[in-house]
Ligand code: ATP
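First, one chain by itself in structure tokens, the form predicted on its own.
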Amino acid sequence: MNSEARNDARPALRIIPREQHTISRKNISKAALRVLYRLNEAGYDAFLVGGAVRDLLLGGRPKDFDVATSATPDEVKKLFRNCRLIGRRFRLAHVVFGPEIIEVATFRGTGEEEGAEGERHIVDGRIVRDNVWGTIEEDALRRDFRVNAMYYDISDFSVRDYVGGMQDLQDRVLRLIGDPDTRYREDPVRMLRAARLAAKLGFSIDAPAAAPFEELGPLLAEAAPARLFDESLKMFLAGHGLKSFRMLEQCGLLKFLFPATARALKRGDEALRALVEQGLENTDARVAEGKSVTPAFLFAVLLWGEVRDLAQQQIARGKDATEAWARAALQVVGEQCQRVAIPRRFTFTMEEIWSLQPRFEQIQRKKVLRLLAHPRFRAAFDFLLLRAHESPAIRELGLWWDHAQQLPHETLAAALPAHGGGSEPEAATPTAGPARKRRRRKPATKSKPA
């Protein structure tokens, strides 16, 4: 976008009639349609907006549907009994239909006109509250990327494009609305959204939009850690995690979101990079197959390199191995949670996955059987398989444990040394042969008292 278009306070409106676009109401959720129709019938302007419009125009099937309207949040609440108002920074209405939530936002204004309704507070360039109501034209200018500023009009089924979003869809490029420096200072998380959307859509990022990343990336440290956790889930657990990760690296933003990961990868450990990328690829595959995924496993993958290196350093200095792993995990998780607020229920699982890794090397009967019965065994074993690139020994270890799980309990127990011995899998390779029967000893006869 040229500078004139960025600064134009009155964008040129392009109305794309129904016969010239691909959006069909069949692909819009029934809940969203109910909200749109009721607002429209009550005399308010109502539009489907943002990512749903973008994805529908690209032939996708959106999961979330957002609505923009001329009705205020209180007016929306009066229309829907199943509505709740949320947010202080951005006042929104959530209309709830069972598990589905339709987010309804009032048109945002620029706050520059006298008598504007609502309030806006900006601190050091950041918008800390934005509840100034305005027109749809102003609302379009308040959005982040041009491809996210198109509106589907339920009244005539047309698409309204105020800022050139349709052209960007055709060019497959992300362009910011407004001055990039100003827009990122208003909300630093927009930098992460640029990387995520580019990865998800297979778009490039406009050069002026990407230029401030290095300079303004440190501002992400001022974003709410809970918000960065949500953004991380969108990046890594929505089916395009590997592409998002590579885009974060390409844009130079990974070090601001996951500093420990960036440091570990900077040391040139190719096995670690293989582990991280394979973990992300496996997660994407599970999402594509409709299987469950957990943030705990993925965050354990991303932070493994730093945890492993710190633990090994402490062990080399004479620390007890169990304590070394616990301290390393505590240090890395503590640092990461200052950036991304990972809930304790996930960090606890991460720490267990890490602490179980050394136990895979202890091939002794009681320890093997105890580890197999551990509630986190499966997650820890999957993690061990990801570590196959670290060394041939780790690869053999993974094969050994894979085979061990397939054996009957008695067969495995009989094949393992009771104690001592080496930790190499070859020292106690389990076989599928029958377990050797133990000879029962006759109980000693007690002498009768005289």
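These figures come from a predicted structure and were not determined experimentally. We number the residues from 1 along the sequence you see.
The protein also exists as the form predicted together with adenosine-5'-triphosphate; that form is not presented, and the subsequent description refers to it.
Screening 403, 409, 63, 34 for any heavy atom within 4.5 Å of adenosine-5'-triphosphate in the predicted bound form leaves a single hit, 63. The single contact residue among 91, 308, 190, 376, judged by any heavy atom lying within 4.5 Å of adenosine-5'-triphosphate in the predicted bound form, is 190. adenosine-5'-triphosphate is not shown here, and in the predicted bound form it never comes within 4.5 Å of any heavy atom of residue 365. Residue contact check for residue 371: none of its heavy atoms lie within 4.5 Å of adenosine-5'-triphosphate in the predicted bound form. Not displayed here, adenosine-5'-triphosphate is kept clear of residue 314 by more than 4.5 Å at the level of heavy atoms in the predicted bound form. Mapping the unseen interface onto this chain, residue 339 falls outside it, with no heavy atom inside 4.5 Å of adenosine-5'-triphosphate in the predicted bound form.
In the predicted bound form, no residue of the candidate spot (175, 212 and 255) has a heavy atom lying within 4.5 Å of adenosine-5'-triphosphate. Contact annotation: adenosine-5'-triphosphate lies within 4.5 Å of heavy atoms from the stretch 52-60 in the predicted bound form, the single such stretch among 34-42, 52-60, 389-397, 409-417. In the predicted bound form, 227, 234 are the residues of 209-246 with at least one heavy atom within 4.5 Å of adenosine-5'-triphosphate, listed from first to last.
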